[in-house]
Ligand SMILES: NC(=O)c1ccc[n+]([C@@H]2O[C@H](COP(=O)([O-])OP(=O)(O)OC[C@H]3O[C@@H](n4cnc5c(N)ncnc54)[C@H](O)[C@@H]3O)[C@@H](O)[C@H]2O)c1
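Given as structure tokens, the chain that follows is alone and in the form predicted on its own.
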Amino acid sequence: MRDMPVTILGFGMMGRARNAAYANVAKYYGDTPINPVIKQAFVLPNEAESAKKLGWDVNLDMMDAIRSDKSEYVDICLPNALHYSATMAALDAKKHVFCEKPLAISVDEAREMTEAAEARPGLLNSVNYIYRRCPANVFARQIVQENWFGKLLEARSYYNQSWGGPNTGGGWRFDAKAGGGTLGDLGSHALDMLYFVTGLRPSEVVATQVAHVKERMFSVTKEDGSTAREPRKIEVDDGTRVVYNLPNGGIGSLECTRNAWGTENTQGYEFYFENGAIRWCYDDVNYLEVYESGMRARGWRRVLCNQGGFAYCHFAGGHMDGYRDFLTSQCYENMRAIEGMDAIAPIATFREAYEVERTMEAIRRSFRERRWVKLEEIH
């Protein structure tokens, strides 16, 4: 095992979560070929003291932090609008790149990032579609690959939260130039799960989107350095609904919203095949429900998935896994990928994240133009 120096960009929730994950990779996985060690971080000036308490070597210049010889690996935990510039700089500096999802704020940026990464085959390009690390989803993928139930006929995916009501102020997630709305934030995960589990992507979509709150109060910095709050029109979605066709002849739907009271981080799917079905919900994250039509006593079976051949590291059977475990396992898979080792379950590459961006662009175009959009139209 060798140490790999890491630079983290960003001190939000995700940056702090990654801090814990990297520290646990070698503790969880004694067979990891690489022990990732945070050597440097880019944060905003008002975050510097808090970041230093984590033991980070703080750099207030993002590009200097990326290009510094203090690290070999750049972890991008920044608002979506900064993913492109940070990634391109990191690849130019010959650094491995782990980027938060969605990959970019436009399909054009995502395509350029993907092409740049693929032009540097010795470097990691990985995107944090973290729910690939849930053992229940790894098991679901295995069921499909082993063709337990035949052709996928119908699919339903959802990702709902409840924090985006009228009393929520503006921020980068509600800024069309900085974020991707609810579709980019939540729907991207659901689209990746569809592909990860079933191997299928929508071939044609029709969609509607809504901004329930038309105007939000944003904090702005004035020329004299003072701050104030001012209203701004919202141009991204609070909620999205999609119906799609699949290339195998199946059909599906997707819903995502930040206005579903009673949900906190409720995502999941229901996949119905010719001879059975599977369903999963993050609210019950360690279990996959399986329905086999050929059983004489029909009914859903609730299968505990944090043990067995489809599980990541666990300390004893039946002890539940959670988000921090999944993130540690994602960082572990990144280390294995750098060394050219097989994955327990595939990471999301830039290419796969670009395909998610293509689908999201088709969804947005469908809403703008009020028509079905074929994925072949989006490049």
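Quick note: we count residues from 1 along the sequence shown, nothing fancier. As the structure is a prediction and not an experimental result, all values here were calculated from the model.
As for the form predicted in complex with the ligand, it is not shown, yet the points below apply to it.
S.K.: Indicate whether Y28 is a 4.5 Å heavy atom neighbour of the ligand in the model of the complex.
M.R.: Residue-level check for Y28: no, no contact with the ligand.
S.K.: I'd like to know if F11 sits close to the ligand in the model of the complex, meaning any non-hydrogen atom pair within 4.5 angstroms.
M.R.: Answer yes; at least one heavy atom of F11 falls within 4.5 Å of the ligand in the model of the complex.
S.K.: Quick one: is I130 in contact with the ligand in the model of the complex, heavy atoms, 4.5 Å cut-off?
M.R.: Flag for I130 set to yes.
S.K.: With the partner left out of view, is T87 within 4.5 angstroms of the ligand in the model of the complex by any non-hydrogen atom?
M.R.: No, no contact at 4.5 Å.
S.K.: Given a 4.5 Å cut-off on heavy atoms, tell me which of 39-47, 65-73, 349-357, 336-344 is the interface stretch with the ligand in the model of the complex.
M.R.: That would be stretch 39-47.
S.K.: Could you spot which one of D238, E204, D185, E255 gets a heavy atom to within 4.5 Å of the ligand in the model of the complex?
M.R.: Selected option: D185.
S.K.: Among H189, R216, R111, R141, which has any heavy atom within 4.5 Å of the ligand in the model of the complex?
M.R.: Residue within 4.5 Å of the partner: H189.
S.K.: Suppose contact means any heavy atom within 4.5 Å; which members of 74-91 contact the ligand in the model of the complex?
M.R.: Contacting residues: C77, L78, P79, N80, L82, H83.
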